[in-house]
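Below you will find one chain, with nothing else, as structure tokens; this is the form predicted on its own, and questions on how it binds or moves follow later.
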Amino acid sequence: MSVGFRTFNPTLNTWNDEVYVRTSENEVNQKLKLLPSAQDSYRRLSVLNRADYLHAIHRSLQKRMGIIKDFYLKESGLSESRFETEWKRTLDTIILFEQYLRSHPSFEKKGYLPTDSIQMRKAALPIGPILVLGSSNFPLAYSTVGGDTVAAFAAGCCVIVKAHPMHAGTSSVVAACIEEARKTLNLPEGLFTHILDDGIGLAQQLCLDERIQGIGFTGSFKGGKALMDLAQTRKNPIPVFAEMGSVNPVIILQDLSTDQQQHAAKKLAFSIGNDAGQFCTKPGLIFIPKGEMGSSFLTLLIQAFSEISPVPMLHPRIHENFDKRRIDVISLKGVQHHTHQGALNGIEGRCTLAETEMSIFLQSQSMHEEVFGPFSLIVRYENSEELRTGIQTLSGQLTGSLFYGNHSGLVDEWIHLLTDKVGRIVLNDVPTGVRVMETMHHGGPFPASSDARFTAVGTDSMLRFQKYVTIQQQNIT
């Protein structure tokens, strides 16, 4: 067993004092033994009982907001305003699901065939215990009590959370809130389990355990694909619902007015550089037309981006990976770049815009891949046909954005083209700032996510953790 590990303080560029110990094999096995009975008990509870559980978690979190905030800030390097935003989003997610459950007290559909005297009931049932792996870039909203955990609880599933090692303190306090809510309502022990590990060993072990019936993951393509492959080696393979990143292409059309150019440039610059660009929906690829308007817009974008101040990235490994990918791209032949030249402190990300021609972009696979951090690639296109070719070469994405003016006659055509590539189309706005709503779809074609049919945000995300059973009854007279 590991002697212990610590989290990193990006703001101070040093390791935090608290030491965390990897959950032992014996403790993991003891927790796994509780899962079958806990799952059987929880699935038998009413939908309203699940709503009560979410309500109790919400109350418990509010009581500990101060200590959660302290850990969040020193383990992520993110700002207080970012904490407030993510905190509100997390609580809003819990409220959204609670309200949904209260307004849908039964997950059944009923039908009747009078000619055959047959009644049918179709019920949405929990698939079973879910493993949730905490993400690095959202210590709250995609972690211990994030959308995956809340959706799984709402669906009737037990949850095991393997905390992200760089947010062990934040995760542990949040886990205590969830456990307090469980005890308050006298819900079964084993309904929620919290695991600490500074590596991938426990995640792999839990992925292969036959008691786990599904996995929620937000992170890199490498990590998500490894989980998907591992889950398929089981005697009974299970679904891995993985959100694995995206370059989120942005299309700038020819007819933006000067005011529209200024508006779009400022929004895009902020979206690329905000919080060091550490968002899965960050605009990482921008198609800009050649010609006078495109040159004008590019000048405005470079100016707006130059005003973004570098800030610390989440932890040293992310910073190292970002800088390597950034240098890989700007070192390619035919690539110019506009890079922040000032001195950096600690693990601040060096803000960079790269620039190339469509013909070069089409020949470089590296340019098609995500650079996680304050970076975006600008690709200049000659005409609509060249732009269409560029979009068609892209793999699956979470989002696609389109900025256009008042005289664009082919907007519907571009929207239609994007529907094959992305899970969310954004018109005249940036893709960051995912709203927690029933109508939000946060997912996309592979490799942006493991299954384009499902969302990781909104009440429809419950569908990932449910299965359907029909009970057909013949009336005997």
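Everything quoted here is computed from the prediction, not taken from an experiment. Numbers follow the displayed sequence, beginning with 1.
Another form exists, predicted in complex with another copy of the chain; not displayed. Remarks below refer to it.
The stretch that touches another copy of the chain in the predicted bound form, counting heavy atoms within 4.5 Å, is 448-456, out of 24-32, 66-74, 448-456, 53-61. Proximity of residue 439 to another copy of the chain in the predicted bound form falls within the 4.5 Å heavy atom cutoff. Remark: residue 366 does not count among the residues lining another copy of the chain in the predicted bound form, judged by a heavy atom distance of 4.5 Å or less. Not displayed here, another copy of the chain is kept clear of residue 47 by more than 4.5 Å at the level of heavy atoms in the predicted bound form. Not displayed here, another copy of the chain is kept clear of residue 295 by more than 4.5 Å at the level of heavy atoms in the predicted bound form.
111 is the sole member of 342, 111, 201, 291 with a non-hydrogen atom within 4.5 Å of another copy of the chain in the predicted bound form. None of 346, 310, 188, 239 but one reaches within 4.5 angstroms of another copy of the chain in the predicted bound form through a heavy atom, and that residue is 239.
For the three residues 125, 232 and 423, a heavy atom within 4.5 Å of another copy of the chain turns up in the predicted bound form in every case. Using a 4.5 Å cut-off on any heavy atom, none of the residues of 347-378 reaches another copy of the chain in the predicted bound form.
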